[in-house]
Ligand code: ATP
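Here you get one chain, nothing else, as C-alpha cells; it is the form predicted alone.
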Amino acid sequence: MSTNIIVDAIDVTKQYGDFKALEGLSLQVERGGVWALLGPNGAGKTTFLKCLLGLKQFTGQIKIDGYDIQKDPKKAKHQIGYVPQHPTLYNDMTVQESLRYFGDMRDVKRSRLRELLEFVGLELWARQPVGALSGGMQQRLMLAVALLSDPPVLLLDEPTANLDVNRQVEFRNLISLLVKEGKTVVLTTHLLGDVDHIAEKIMLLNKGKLVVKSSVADLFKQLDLTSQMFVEIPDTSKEQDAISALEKAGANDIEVKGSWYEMRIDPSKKVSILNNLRAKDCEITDFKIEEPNLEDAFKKITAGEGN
C-alpha cells in the first residue's frame, strides 16, 4: 500500500459489560516518524494497542497499511512489529537460538538474523543465554524479534520504562535509526524523555477517546510543561551575570538561595541554560533537574472531559 495513512482507526469501541474502555475512537497515523500514544492511567492506551494487534474484538474498523485487522488479520499483523514492556523470551535459549526460533516461524532467511543481531548490537552475545542478558539487552533482542519480517509499523509499549538512563538513550537511538529507514513507530510511555527526545507527534487519549492530536512542541506549550532546575554557582560575585544568562536562556521565576539558583525552565532548554552560564564564565559545581510529571499535566488538558 502507498497511501500516506498507515494506521487508520474509525469509530473503535471496546466494551466490558457496562464499561467502555474505548468509545468511538477515531484516529489516523501518517506514515513515518515517531508517534507517542499518551494519556492518564485508564485512558485506553493498552486496550487500543491490543485492538491494533488483533488481540481484542471490537466494533468499528482498524486498518494497518490498508489491511483490515478483523477482516484480513494475517496480512494486517504482518505489517506490525510489537515490543512489549516486559520481554517475553525463553531464558534458556541463546540469543541466536531465540532469533532462529522466531525467524523460522516467519520463514525469515538466516542472513536477516545476522543483520538484525548487528543492528541491535548483540552479535558478540549471540551464544549467550537470554537469561544472562541485562534488561537493556533483552529489550534490544525483543526489538530484533519485532523486526524479523521487516514490518513498516512498530508498536512499542513503554519501551524504556525498565531501563537505566544509559540504556534508555541507546534504545532511543535505535528507534531514531529505524525512523530514518522509513519505519513508523507508535509508542506508549509515561516518561517525558521518550516524548521530548524522539516523538514528533502526540495522540492523547482520555476515557477511551482521542482528545488531542498535536506536535510535541505545540502540546508541551499547551500543557505549560516546565522543569524545575537547580544550579550551584559558588562565586557570589557572578550573581548578576548568572541571572542575566539564565533570563536570556528563557528561565523563569529565578530565585537565589545562597550558592544555588532555582528556576522554572522549558524542558528543551536545559542545555541552553548551562551553555549560557559557561559563556558568562560562571563556574557550575553542581546542578539537578526535576522533570515535570506527565500524569499531572494530562489532568490540565482533560479537565473538561470530566477529570
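In case it trips you up, residue 1 is the first one in the sequence shown, and so on. Quantities reported herein were computed from a predicted structural model and do not represent experimental measurements.
The form predicted in complex with the ligand exists for this protein as well; it is not shown, and the discussion that follows is about that form.
- Proximity to the ligand in the model of the complex, defined as a heavy atom within 4.5 Å, holds among Leu246, Cys51, Val34, Ala43 only for Ala43.
- Among His190, Arg100, Lys75, Lys213, the residue placing a heavy atom within 4.5 Å of the ligand in the model of the complex is His190.
- Although the partner is absent here, Thr47 sits close enough that one of its heavy atoms falls within 4.5 Å of the ligand in the model of the complex.
- In the model of the complex, the ligand sits beyond 4.5 Å of every heavy atom of Ala9.
- Residues within 4.5 angstroms of the ligand in the model of the complex, judged by any non-hydrogen atom, belong to 34 to 42 and to none of the other stretches in 62 to 70, 270 to 278, 256 to 264, 34 to 42.
- Residues of 159 to 175 that come within 4.5 Å of the ligand in the model of the complex, judged by any heavy atom, do not exist; none qualify.
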